[in-house]
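Single chain ahead, written as structure tokens, the form predicted alone.
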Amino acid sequence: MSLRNKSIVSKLVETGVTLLLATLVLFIIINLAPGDPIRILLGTPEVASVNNQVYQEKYQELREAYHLDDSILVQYVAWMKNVLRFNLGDSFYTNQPVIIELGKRMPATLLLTIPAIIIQLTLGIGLGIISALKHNKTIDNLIRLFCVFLSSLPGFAISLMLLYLFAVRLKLYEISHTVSLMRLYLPTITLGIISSPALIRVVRSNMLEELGKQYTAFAIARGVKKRAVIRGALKNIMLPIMTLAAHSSVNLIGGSVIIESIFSWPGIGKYALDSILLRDYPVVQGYGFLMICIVIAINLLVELGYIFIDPRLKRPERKIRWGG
């Protein structure tokens, strides 16, 4: 087996173990949350007292159905069996399957985050390269000031300022609960801008380091065009850019909770936040499981990308023979 294939198998095994451990931690944390989910599910009886026999029989029946009297490990195994059947449970408030509720809201979140990722990558790579090429000049100082300003303010503060400016003062944005292109541009631009400073810094620092190496000076001395030199330097810093872009994509999906709530965007982030406030545990657990799968999948794709990009892993492993 070649070194590349061994690396792929190793990453797949690591991914499986990580998924199991992450879901176990998630399950334990949700079960340690305060409140009794069965009493939340049943509610408070309007006529009879909470201690009446019918209520207690129904209460005990549901506890047995949800395996709540079993140990955490037994509950986790039962939950994972349902997850493998694509069953994340039913919402306490809508009585609808959680996987259906999340599926209905996922397109809205993807419609928000995918353009935001494109904006982030465009700003991060573009401004990072410009800042490195104009090192210590006015435009470089302005870009660095832009990064400091965005990093010093929390995302919800920037979102509220932009919402007030465009919706209240300029009347250019409609506040509602619908999904439309006219309501998409402001939260998308906001999410893309507030997540770009980290990528700008990484691209700038790596480009400065790469442009300061001897091979770059030698290429310029030979008369190689500046565009070709920049393209070659950018190719050499793709690995750290890929890493940060992957982590930023995860942060964008997770950070969309705040943006969706502020702009009333009906995605899975807003749905999860509303469910937390309502103590709708199956929804919170299903959302957490979905986020874990997204994070692990993105990290796996990045690791596999490293394997295919790294030229040292392209050649098959040679066996060393001792003796003649």
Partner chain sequence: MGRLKVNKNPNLTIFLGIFILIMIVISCTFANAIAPFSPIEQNPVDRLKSPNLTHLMGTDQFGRDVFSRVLYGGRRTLVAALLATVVNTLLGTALGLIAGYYHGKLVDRIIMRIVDCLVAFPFIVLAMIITSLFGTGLVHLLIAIAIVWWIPFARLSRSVTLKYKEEPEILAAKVAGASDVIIMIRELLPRIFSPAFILATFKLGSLILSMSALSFFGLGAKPPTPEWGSMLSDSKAYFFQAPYLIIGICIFIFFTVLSLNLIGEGLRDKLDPFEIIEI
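Here the rigid core means the biggest group of C-alpha atoms that line up within 1.5 Å when the two forms are laid on top of each other. Given the structure is predicted, the values throughout are model-derived calculations rather than measurements. Positions refer to the first chain, counted from 1.
The same protein also exists as the form predicted in complex with the partner chain; that form is not shown, yet it is the one meant from here on.
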**OP:** Could you check which residue among I189, M80, L211, L123 gets a heavy atom within 4.5 Å of the partner chain in the model of the complex?
**Re:** L211
Original post:
At the 4.5 Å heavy atom threshold, is I72 in contact with the partner chain in the model of the complex?
Top reply: no
Original post:
Is L68 close enough to touch the partner chain in the model of the complex, meaning at least one heavy atom pair within 4.5 Å?
Top reply: no
Original post:
Could you tell me if C147 has a non-hydrogen atom within 4.5 Å of the partner chain in the model of the complex?
Top reply: yes
**OP:** Flag I139 as yes or no: does it have a non-hydrogen atom within 4.5 angstroms of any non-hydrogen atom of the partner chain in the model of the complex?
**Re:** no
Original post:
Listed by sequence position, which residues of 291 to 306 have a non-hydrogen atom within 4.5 angstroms of the partner chain in the model of the complex?
Top reply: M291, I292, V295, N299
Subject >> Threshold 2 Å Cα movement between the shown form and the other one for V302, core superposed >> reply: no
Original post:
Quick one: once the rigid core is lined up, does L142 have its C-alpha move by 2 Å or more between the shown form and the other one?
Top reply: no
**OP:** Note yes or no: does the Cα of A33 move by 2 Å or more between the shown form and the other one after the core is superposed?
**Re:** yes
